[in-house]
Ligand code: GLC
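Take a look at this one chain, the form predicted alone, written out in C-alpha cells.
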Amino acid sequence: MDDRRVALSLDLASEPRRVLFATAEYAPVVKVGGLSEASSGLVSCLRSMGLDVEVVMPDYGLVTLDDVEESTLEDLPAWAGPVNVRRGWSSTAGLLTLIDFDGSDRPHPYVNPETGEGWPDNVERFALFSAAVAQLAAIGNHEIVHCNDWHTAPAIGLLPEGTASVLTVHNLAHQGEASPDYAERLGLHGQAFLEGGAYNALAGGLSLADSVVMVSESYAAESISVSGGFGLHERLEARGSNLTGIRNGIDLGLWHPNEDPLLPATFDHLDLAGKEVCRKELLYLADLPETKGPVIGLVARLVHQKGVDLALELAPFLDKMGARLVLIGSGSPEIARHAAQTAARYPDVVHAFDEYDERLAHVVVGGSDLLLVPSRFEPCGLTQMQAMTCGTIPVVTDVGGLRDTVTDTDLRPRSGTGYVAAEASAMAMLDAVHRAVRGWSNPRRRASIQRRGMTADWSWAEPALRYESIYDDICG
C-alpha cells in the first residue's frame, strides 16, 4: 500500500462513527418506561467512547432547549407533510434533535392521561416521525441509524441505500399494528411490513434491519419461540446470526448509593449504615410500623406484564413473616385501584404510593431490604440491577433479563445475588419470598449476597462495547 493510501486509511479510521439514534423516549426529559433509561444510558456511554451520536425524538412540547437551531425538512414522502426540526441543548439530557410534525405535541407520548387509553393516532404519528428520521439520515450522512422499538422501525424501510441500520427491541409485545394501507407508504419495502394481513411496524423493521438486538440474551432466545415471540418468532428466527441479545446496563451516575442525591443518606458495600437511614425514611413516608422483618419494595409500571397483581396476592401472608410491602408505579387505573384497595385492607402491611415520583422511587429501591420483580415476561429489567447496586436483594421471576442478571442464592450459595421464582405465579412468588425472608434473617448470609450484588458491574461499559462491535460489523 502506498503512502497516500495509508494516510487515507488512517484519516478514515480516526473519524468517529456517525450514529443517528432514534427513540420515542429519552431520560430524564421524557420518561415512561425502561426505554428512556436504556436509551440515555447507552448513548451516554457511546459518546464517552468517542462515537458521534445524534439523538432524535418526537417534539412532544415537553423539552426546553438552549442554543436552538431550527430548520424544515424537505424531500419527505408526500404523505408525511411538513416537518420542522429543533436541535439544541437540554440542561439534563445534552444535545437533542426534536421533530415537530402534525400531532407531535402531546402531554404523554403514548396515552391520554385523562383516560389511560392509547392515542388513536399513535401509528400515524410514529410513521411521520420515522419518515423524518430517514430524511435526517439522508441529509446528515449518518453511517448508522439505530432505531428502538416499533415507534422508529418504519424508518428502516425508508433509509437511503448504503445506510446501515440497527433495531433494538425493548418489548416485543408492542408492535404498531394498523390497516394494511400503511404498508403502501413504504414503497418497495412495503411487503415487509405486512404481518397476518395487517400493517405491523415492528415486523418490517425486524426483517429489514442489518442487525436486530434484543435487550438480553435470554430474551433473544425466548423471542424465537412460539410462546415468547408474540407472533413474530419466525421472522426473528430467520435473522439467524443477525439476531443477538445484549443486556441493558444502568446509569451508575444515577443509581450509585454512595453519591445518589435523591437518597436521605449515602452508603456503599463497605459501610451500609446509610441504608438503615434510608429504610427508616421509607417506612416513615409509607406510614408503616417498624418491623424486625424485611421491607419489600416494588417499583413497576402498572401493567399486566409486570405482575403487580401477583405481588398483591401475597399481602395476607406478609404479616406472619414480619414483612412489609411498599409499591410505587403508574399506569393502569384498574391495577392502581387494586393496589389501593389492598393497602386499605392491610394498612399495617402494604402501602401503595398513588403516583410515580422519581425521588420516592429511589428511596423505595435504596431503602428496601428486598425488591420484588414479579414480571410475567421481562425483556431485560432495570430495577433488579438498580436494587443490587443499592444492596437491596432482588426476588424475581425466571424470565428474560431477570434470569440473566439474578442468580438464585439457594441454588448457588457462593455466587447467588437474589432469589428466583420458578414461574410467574402467586404461589411461586410466595415460595421465593419465603426463601428470601429466611435468607435475609441470617445477617452473615445477607451481607454476602449484598456484597456480590453491589460489587458487580451493572454499567453500560460492556454492553456499549458490544454495540460498537455490531456497528463495525454492519459498516464493514
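Given the structure is predicted, the values throughout are model-derived calculations rather than measurements. The numbering used is simple: start at 1 and walk along the sequence shown.
The next section is about a form of this same protein that is not shown, the form predicted in complex with the named molecule.
A.B. asks: Identify, from the list N248, S207, S104, T163, the residue with a heavy atom within 4.5 Å of the named molecule in the model of the complex.
C.D. replies: By the 4.5 Å criterion, the partner-contacting residue is N248.
A.B. asks: Considering P294, P154, G381, G366, which brings a non-hydrogen atom within 4.5 Å of the named molecule in the model of the complex?
C.D. replies: Contact with the named molecule in the model of the complex is made by G381 alone.
A.B. asks: Residues in which of 234 to 242, 122 to 130, 72 to 80, 300 to 308 have heavy atoms within 4.5 Å of the named molecule in the model of the complex?
C.D. replies: Among the listed stretches, the partner-contacting one is 300 to 308.
A.B. asks: Applying a 4.5 Å heavy atom distance criterion, does A38 contact the named molecule in the model of the complex?
C.D. replies: Although the named molecule is absent here, A38 would touch it in the model of the complex, with heavy atoms inside 4.5 Å.
A.B. asks: Although the named molecule is absent from this view, report whether T342 comes within 4.5 Å of it in the model of the complex, heavy atoms only.
C.D. replies: Judged by the heavy-atom cut-off of 4.5 Å, T342 is well away from the named molecule in the model of the complex.
A.B. asks: Is there a non-hydrogen atom of V145 within 4.5 angstroms of a non-hydrogen atom of the named molecule in the model of the complex?
C.D. replies: Heavy-atom contact with the named molecule at 4.5 Å: absent for V145.
A.B. asks: Does at least one non-hydrogen atom of V215 fall within 4.5 angstroms of the named molecule in the model of the complex?
C.D. replies: V215: contacts the named molecule in the model of the complex.
A.B. asks: Would you mind checking 143 to 178 for residues with a heavy atom within 4.5 Å of the named molecule in the model of the complex?
C.D. replies: In sequence order, H170, N171 come within 4.5 Å of the partner.
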